[in-house]
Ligand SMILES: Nc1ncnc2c1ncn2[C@@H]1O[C@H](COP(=O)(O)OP(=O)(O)OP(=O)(O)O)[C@@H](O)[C@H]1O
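Quick heads-up: it's one chain on its own, the form predicted on its own, in structure tokens.
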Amino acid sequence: MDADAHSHEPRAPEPRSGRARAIGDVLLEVRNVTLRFGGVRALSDVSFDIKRGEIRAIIGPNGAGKSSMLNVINGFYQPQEGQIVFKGTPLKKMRPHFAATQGIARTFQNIALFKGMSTLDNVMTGRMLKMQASWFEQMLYVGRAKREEIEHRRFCEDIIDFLEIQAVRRTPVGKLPYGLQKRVELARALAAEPELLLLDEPMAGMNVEEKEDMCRFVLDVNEEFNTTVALIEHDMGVVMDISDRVVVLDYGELLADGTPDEVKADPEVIQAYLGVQHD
């Protein structure tokens, strides 16, 4: 495969209202979730749902419980009360490994990549759960292990092409600029073929051009792969442009839940998060 990248000009994402949608039934429910750390409540009786095919934003001030909510959804944290219902099955305790095998992948607020490994090798780690060969077969690189390696590498190369990072496919990710590292992390999550993709501040620290590119990729992933997306994001312009629905947390409690226009007009949201404009 040609490793040379083709040049492209970043373009602003088309608003959700002008794009095709395929939103279906409920994929995941958060039911009355309460999470405590000692005497501190990170989440308090929070309930909302995520529908198949939508982009669901989770917003709120710093310390509102947004990352804690993602950590509950993918099983990193275990709530003291409430439960997660995924694909109709109530799960009192979701575990990270089980979440991954069931089709939930995520990226992190702080980039979690193998800095000494190439872009391609990092993306390949997202296929680990898809590999069936034994460790012995993999060690000898024979039979099923060799066939799987070829198949999964081809799949990862397609994702690399899709996210336009061909030019850095063999570059150690530790040498890449921040914006490209974020894209590699997205590629690794997509390599797991998730039904639900959790993005924790995917555009944090990016410049305007990088944000435009990432917005475009998130929208394309949602529409072309029909991947449901739940994301935490502080940039309200991004949230209002690409989200189908928005849930607002404040001090660990559910403050609002609705369309971007509904949330933007909610007086409590304006006071708690968006700020009140003064003449």
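Position 1 is the first residue in the sequence shown; the rest follow in order. Predicted model, so just to flag it, every value in this text is computed and none were measured.
As for the form predicted together with this ligand, it is not shown, yet the points below apply to it.
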In the predicted bound form, segment of 155 to 163, 85 to 93, 67 to 75, 181 to 189 with a heavy atom within 4.5 Å of this ligand: 67 to 75
In the predicted bound form, the one of Arg216, Arg245, His234, Arg52 near this ligand [non-hydrogen atom within 4.5 angstroms]: His234
Option touching this ligand, based on a heavy atom within 4.5 Å in the predicted bound form, out of Val30, Val229, Ala42, Val238: Ala42
Heavy atom of Ser118 within 4.5 Å of this ligand in the predicted bound form: no
Thr171: touches this ligand in the predicted bound form, heavy atom cutoff 4.5 angstroms: no
Contact test in the predicted bound form: Thr125 vs this ligand, heavy atoms, 4.5 Å: no
Heavy atom of Gln102 within 4.5 Å of this ligand in the predicted bound form: no
Heavy atom contacts to this ligand in the predicted bound form at 4.5 Å, residues of 189 to 227 in sequence order: Glu201
